[in-house]
Ligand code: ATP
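Next up: a single chain in structure tokens, the form predicted alone.
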Amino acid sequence: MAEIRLDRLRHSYLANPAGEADYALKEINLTWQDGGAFALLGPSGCGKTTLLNIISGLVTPSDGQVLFDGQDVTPLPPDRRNIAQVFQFPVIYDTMTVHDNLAFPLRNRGVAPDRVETRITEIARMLELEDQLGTRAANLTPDAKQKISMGRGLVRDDVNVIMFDEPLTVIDPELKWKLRSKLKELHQQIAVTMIYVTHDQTEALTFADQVVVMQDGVIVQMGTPVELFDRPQHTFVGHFIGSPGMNLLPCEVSDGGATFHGQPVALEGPIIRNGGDTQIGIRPEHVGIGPHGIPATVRKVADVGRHIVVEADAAGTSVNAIIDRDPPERGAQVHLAFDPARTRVYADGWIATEEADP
């Protein structure tokens, strides 16, 4: 296991990058603690896989260092970093049995036969593959094949980190929850450093203790799932995490306060930074419908079972509210009330209000 530190890391796929726009990864400074469960979350093209490949040694960064437990491994090839990687599509040998697939990484490293058998038994038990050890991998379901792929990474004792690159993409939806739960359980049992790359917020938030959210090669926030949801540091985080995502309303900032079309909006605390583009951010969970607040017209009402999502139009801006019961009719004139403790201003995308003292 290892602490992983990225120091002033940048990468461009161009031979001679002329400016910041030419970098797929902007400057990244990040530390992942030894033994933690981490996720890299963001849309396609944001730099997640590039960053993962740099950590594994498949890509050499243009600038900066990758350090495992303080040792600079940037110039080292993958086979000298003691990493294991599980890819989107299972990497296994179809002609081999489950037993031999799990044994292969150990035999390839000259591990003693009795230790090989011990580790295979342990991992097969963890992955619930004990009854299939004698089965050829070609005859297994996609989820069982991905279990084997995971097992090939878990079976080694010497790995510094196990990295998962969109490992559940090809798995049927009804099986994803089971495999996510199994992976979380495995991490709790073996406590090896794990990094999970995904564009799916559910996968990231249910697996990781700490989630790194990326956009356009930039880390916009790192935090626990609760921190990302409760207080997004960037509008992208608020939009990307949550369903529906955070509401964003254009606002005017003056005299330390914010107004929406001339109506003052109470905030979580003082505005500490201004910018060219200012917006009020409030999650639908903290928008209420009542007798007072911002006038709006109901456009849609969707009952999603656990709650009701009301989409309203407020001065041309769409605002979602999540309520428990008694939704208004479509076309109804309502008032939207924002929870002041959960309402904040963003300037040029970044949070610009300070939390009030408790």
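The numbering used is simple: start at 1 and walk along the sequence shown. Since we're looking at a predicted model, the values are computed, not measured.
Quick note: we don't show the form predicted in complex with this ligand, though the next part is all about it.
Exactly one listed residue, out of Ile294, Cys46, Ile289, Ile54, brings a non-hydrogen atom to within 4.5 Å of this ligand in the predicted bound form: Cys46. Just one of Leu336, Ala347, Ala24, Leu9 comes within 4.5 Å of this ligand in the predicted bound form, counting any heavy atom, and that one is Ala24. This ligand is not drawn, but in the predicted bound form it has a heavy atom within 4.5 Å of Thr50.
Look at 298-306, 320-328, 38-46, 65-73: in the predicted bound form, residues with non-hydrogen atoms within 4.5 angstroms of this ligand sit in 38-46.
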